[in-house]
Every structure is written in C-alpha cells, then in structure tokens.
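Heads up, the chain below is alone and in the form predicted on its own; it's given as structure tokens.
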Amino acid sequence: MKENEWGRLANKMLQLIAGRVSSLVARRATLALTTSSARMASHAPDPEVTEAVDMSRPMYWDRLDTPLPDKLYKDELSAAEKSLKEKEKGPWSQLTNEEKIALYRLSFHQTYAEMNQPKSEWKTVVGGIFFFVGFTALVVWWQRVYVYPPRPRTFDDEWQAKQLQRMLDMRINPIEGFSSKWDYEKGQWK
C-alpha cells in the first residue's frame, strides 16, 4: 500500500474511534444528569413508591402441597381476635363452632375444599385459543384474497381432463404406467 492510502486509512480509524468515544461520553453524561421519575423511583427509600419484600422472612400462601404455611394468615389481630386467641388456650369443648371457624380463619385463608374448587381459568385459556385461531384464520383469508395470485388454470377440472386425454393420446408409459390402464379399443379404463 502506498503512504497516501495508509494515511487515509489511519485518518478513518481515528474518526471512528473519536465518534465512538464521544457517543459513550455523551451517553454517560446524559445518564448522570438525568433526573427522570422512573430512575429516581427505583432508588427511592420511600416505601410508598417502592416496597421491597424480604424473601428471607417466612411468608404465607395457600398451597395444596404445603398444608402448614410458614406463617399465620393474620399477623395483626384486633381486640376481639386477641381475646379469641386467649380463649383458644383453654379447653376446646367450651368453644362454639363459630369460634372454631374464626380461629381457623386467623391461621388459614382458605380451606382445602376452597382450594380444590374448580377455577374458571380454563374459560380464559379456551377463549384465548379461539381468539388466536380466529385471528390466524383471518390472516389466511386476507392472504388468499389480497396476497396470493389467482389459482392457475391448470387446476381446473376441464384442464385436468384435457391433460389426461393428451397423455392417453401420446400413450405415455404404456407398459407399466399410466397408459397401461387404458383400454384403447373400448375407450375406457381397464
């Protein structure tokens, strides 16, 4: 290569490097000076904006495979619920059925029967499937009408009959093939 070409190549490389460095510096400066609400909210200590859940602490959830959750359903009890909890420490034969149910509801949100109730989620799934099948059918119809060319004339029944007659007239593959199944004397298939 000549010295002139080396000079042009080096100049081009310097321009590329300078462009990339300047775009990187501009991006960094923009991020540093930006005070967008989304960026500030992600780092805000205010619990109203973002509330972090401590996953290391025990949590409550109703699951069929976990009969006893790590934590009770209700943590903060009212005065009536506190008195009921005190009454729980005594003999259970003195508790009414309503009190027993209320105690159960303090510990658990749902019973097994409530968790096993059939959900209506299948309706949403079937509806979504029908929606996407219908949308796909609409796209296919649109393509047939507006995208694809018209059907070739070689697919018409009349064309197919003429093509068949032409092949028979030319006696194509007369020993084992097509023409061997045609009776030329009677003019019909064997």
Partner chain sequence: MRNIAPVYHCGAMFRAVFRLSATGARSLARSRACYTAPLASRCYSHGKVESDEEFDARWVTYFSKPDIDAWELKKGMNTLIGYDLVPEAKILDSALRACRRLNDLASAIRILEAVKDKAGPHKDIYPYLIQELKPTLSELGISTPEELGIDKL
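Since the structure is predicted, the reported quantities are computational estimates derived from the model, not experimental observations. Residue numbers count along the first chain shown, from 1.
The following text describes the form predicted together with its partner chain, which does not appear among the structures shown.
S.K.: Based on heavy atom distances of 4.5 Å or less, which listed stretch (130-138, 62-70, 145-153, 158-166) is in contact with its partner chain in the predicted complex?
M.R.: Partner-contacting stretch among the options: 62-70.
S.K.: Contact with its partner chain in the predicted complex for Glu88, defined as at least one heavy atom pair within 4.5 Å: yes or no?
M.R.: Heavy-atom contact with its partner chain at 4.5 Å: present for Glu88.
S.K.: So in the predicted complex, does any heavy atom of Lys100 sit within 4.5 Å of its partner chain?
M.R.: So Lys100 counts as contacting its partner chain.
S.K.: So in the predicted complex, is its partner chain close enough to Ala80 to count as touching (4.5 Å, heavy atoms)?
M.R.: No, Ala80 is distant from the partner.
S.K.: According to a 4.5 angstroms non-hydrogen atom cut-off, is Glu114 in contact with its partner chain in the predicted complex?
M.R.: Because a heavy atom of Glu114 falls inside 4.5 Å of its partner chain in the predicted complex, the answer is yes.
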